[in-house]
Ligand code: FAD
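The data below hold one chain only, encoded as structure tokens and taken in the form predicted on its own.
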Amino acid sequence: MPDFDHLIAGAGFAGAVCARQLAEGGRRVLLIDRRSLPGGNAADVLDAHGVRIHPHGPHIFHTNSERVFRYLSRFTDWRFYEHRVLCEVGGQLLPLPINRLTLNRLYGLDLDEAQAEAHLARVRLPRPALRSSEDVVLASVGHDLCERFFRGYTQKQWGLDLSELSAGVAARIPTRSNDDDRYFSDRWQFMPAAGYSALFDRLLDHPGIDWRPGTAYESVRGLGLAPHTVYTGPVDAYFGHCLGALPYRSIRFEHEHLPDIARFQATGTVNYPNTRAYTRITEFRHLTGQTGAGTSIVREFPQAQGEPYYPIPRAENEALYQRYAALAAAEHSVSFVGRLAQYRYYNMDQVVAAALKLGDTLLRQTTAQS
């Protein structure tokens, strides 16, 4: 008999949440990851100067799902944090998402909320259908704001023009006519008070979970360690890229500590859509609430090659994924969940929700079979 009921490959939010849920349902779980820490790209660490940083880029938690928030609250206390982003345009730092303040500062106007909405209504370019991100942006803010805020950033971030990306990418960013300068408007906006890694340590602290870091899935695949596998890696890699490689976007992170600066920038993140080789700079002290001498920042340089971070939302990529999804559906002893396994541009809360749903399904199947 196998030693475990489930082998879970990947200890990010998808794998770790699924592992905990199954373990609490009485299942014996082997959780592996090729990295040494749980948490996937959300894992955080103290840098050499004692500043808590996110080595794989900033991860800001926000959700409208009460179930997701209540579930994670079992494993962490929270620090209230509403993320704000400024965007460098024409030598000014302007609020993003675009709002009334953005319009007034950019154009030297003095619009009230109703006038700001009327201004946006005048500049919007109606589109017969919202097929691409360009359609979404032009229909929301018109040509000038599209060029200043979105086209250059998109080209750097995705290596593609707005017209080449699915509509859902740009639809993630709202447009406002009031003064709300929060990047997200979700009901729950918090950061784990002691960091993401502490959250994951508590999440995996269960006698039913055997956590083995530094273990690649390829090294245990086919060993018969469990009758069922939960796979959270790239779905095309699981099948040996037999239908061709799915495109992913990667990022090179340039971390820097500034010992003589208490605060580097006014908000957690500043975007650079049309200047600089990087897309944005994030200062971690805004996110974590840490104080003290010095500050740590990260610059992000998107690139085509490297660790897969973002599935690229395009119609042809979705078509290829659906062919892999058909192969995945035929793998009756394997479940696929997470951003890479489902080729979805998920936020963290969406990954948690997908993992909880899968855990529910697997536990119901177990109950039905017993």
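All values reported here derive from a predicted model rather than from experimental measurement. When you see a residue number, it is the position in the sequence shown, counting from 1.
This next part talks about the form predicted in complex with the ligand, which is not shown.
Of the heavy atoms in E134, none are within 4.5 Å of the ligand in the predicted complex. Within 4.5 Å of some heavy atom of the ligand in the predicted complex lies at least one heavy atom of A11. At a distance threshold of 4.5 angstroms between non-hydrogen atoms, A216 is in contact with the ligand in the predicted complex. Residue contact with the ligand in the predicted complex: S296 places no heavy atom within 4.5 Å of it.
Here the chain stands by itself, but in the predicted complex one stretch of 229-237, 288-296, 69-77, 109-117, 229-237, has heavy atoms within 4.5 Å of the ligand.
Think of it this way: in the predicted complex, the ligand has a heavy atom of just one of H62, R52, R314, R27 within 4.5 Å, and the residue is H62. The single contact residue among A194, L103, I251, L204, judged by any heavy atom lying within 4.5 Å of the ligand in the predicted complex, is I251. Shown without its partner, the chain has R280 as the single residue in segment 268-291 with a non-hydrogen atom within 4.5 angstroms of the ligand in the predicted complex.
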